[in-house]
Every structure is written in structure tokens, then in C-alpha cells.
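Below sits a lone chain in C-alpha cells, taken as the form predicted alone.
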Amino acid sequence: MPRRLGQHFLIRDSILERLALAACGGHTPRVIEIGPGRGALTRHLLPRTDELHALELDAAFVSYLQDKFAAEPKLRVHAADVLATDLTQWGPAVLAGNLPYYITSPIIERFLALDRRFPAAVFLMQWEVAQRILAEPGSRDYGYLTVAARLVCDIELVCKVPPEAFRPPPKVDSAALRFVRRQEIPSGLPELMRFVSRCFAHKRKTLRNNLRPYYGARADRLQEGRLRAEQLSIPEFIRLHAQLDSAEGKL
């Protein structure tokens, strides 16, 4: 079958097994797999779960999966776009998938917006995106996605994956990350996320310049106003948002 929708299919069993283990451990009741394609990861997830929902956008792959796993009662194949699907409809689950490069960030943000019924996810992505998520304050890769992900999850690198582990091989390295939802998440998370997004609106601008349209002269008086967003730690974002949000006269 031809490659579709920009996907590169992971074929190395040792890495597929590492992804399934990272997602499910020895066993997990329910898994939602994003973009199963030809079912390589699906095959490794099935022994580790009671119920696997595979969301596949491409009709040809939907038919292929239905035929390939016709005798597997645990698997439900859905012809669906993950970004337009209610992921809560089947109940609590962990998420897993080899994400198409062009929609990696929206899918991660979709997972972050879910609640505690979705405690973990393992996603395979372009190494460049993984570097952004794992970045530390002060580095050039540190940005909105870094902070958004860390506000919600503890994140670990499962493995780095070379191009030759895929068919067809991509031109860049990939990486699998495991996201584990934190027990304690800051209150007012949507507003905090919006604030972080404003801080990074123009990455080379100072916080003062990025926040002035929303907080007026109070942005000019910020002690941290001369800094850029990439220089702030996550606790500093939380503190700064609380400081500005609690002040009177917010624009």
C-alpha cells in the first residue's frame, strides 16, 4: 500500500514493543491509537489491553485494518479524524500513536486538554518537536508547546528513532515521548495557557511588549518585563499570571 497523508510507518519491532510497553505497561484496560496505518503498533498494543480503539482517517487503511484484524474482538477501527472526534466517548483510556508530522502539535494539545480519565500518552514524533517539548528555559527550542505540555504532564523520552526504522525513511530523526498527567494541575488552566501563548506571541520581543496590548501600563512596570518568554521557568509563568490576573484594571 502507498504512503498516505505524509506518514512514515515504523517497522522496527523492537521499537514498536518499547512504545507499547511505555503506553500500557503490563496491561491497561483501554487504548486509543491515533493513525494506526497498517497496524504495526496496533499488533503490539493488542496483547496489552482489553479494548483498542484505532482512529484512522484514510479509508483505504480502514478497510485494510478491518480485514487484517477481522478475528480480533478487542479492536474497534473507526474511520475518523482525531481532531474532530470526541475522545471521551469510550471512557478512560491511554493514547498512543505514530503522529503525522504535519499535525503533531494539534494532537498533543488535544491530549493536554483532556481530563484525568486520560492519564498518559505515548507519541512518536519528529525529533525537532520532541526537542521543543523537552527544552529547558533559556534554550532556543523552549516555547509555548514546552510550557503547555509541562504545565499538564511529566514528560520523558522513551527512545530516539533513526530514519531507517521507518518505511519510507524520513529525512530526519524521530522520538517517542511519554506524557503522564500530573496529579496537581494549576487552577484556571485555560486562562493560564492563554497567558503563556500571549507571552510567546512574538518570540524575540520582550514580555513587556507582548503583554502591553492586554495589560496596558502594568506590563511596563513588570520587573520581568525586559525579559523574553523563553527565559522564564514554568513556576515563573504561573506566578506572573497570578500577579497580573489579580490586579485591578485588567484590560
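Start at 1 with the first residue shown and count on from there. Predicted model only: the values in this text are computed from it and were never measured.
The form predicted together with a small molecule exists for this protein as well; it is not shown, and the discussion that follows is about that form.
J.: Within 4.5 Å of the small molecule in the predicted complex, do we find a heavy atom from each of G143, F200 and Q231?
T.: Result no, not one residue of the spot touches the small molecule.
J.: The chain here is shown without the small molecule. Which stretch in 190-198, 28-36, 222-230, 205-213 comes within 4.5 angstroms of it in the predicted complex, by heavy atom distance?
T.: Residues of 28-36 come within 4.5 Å of the partner.
J.: Could you tell me which one of V94, L177, I133, V82 places a heavy atom within 4.5 Å of the small molecule in the predicted complex?
T.: Of V94, L177, I133, V82, the residue with a heavy atom within 4.5 Å of the small molecule in the predicted complex is V82.
J.: Looking at the partner-bound form in the predicted complex, is E51 within 4.5 Å of the small molecule by any heavy atom?
T.: Answer no; every heavy atom of E51 is more than 4.5 Å from the small molecule in the predicted complex.
J.: Do Y102 and the small molecule share at least one heavy atom pair within 4.5 Å in the predicted complex?
T.: Looking in the predicted complex, residue contacts with the small molecule include Y102, since a heavy atom lies within 4.5 Å.
J.: Closest heavy atom of L46 to the small molecule in the predicted complex, within 4.5 Å or not?
T.: Because no heavy atom of L46 falls inside 4.5 Å of the small molecule in the predicted complex, the answer is no.
J.: Hey, in the predicted complex, does A22 get a heavy atom within 4.5 angstroms of the small molecule?
T.: It does not: once the small molecule is placed as it appears in the predicted complex, A22 has no heavy atom within 4.5 Å of it.
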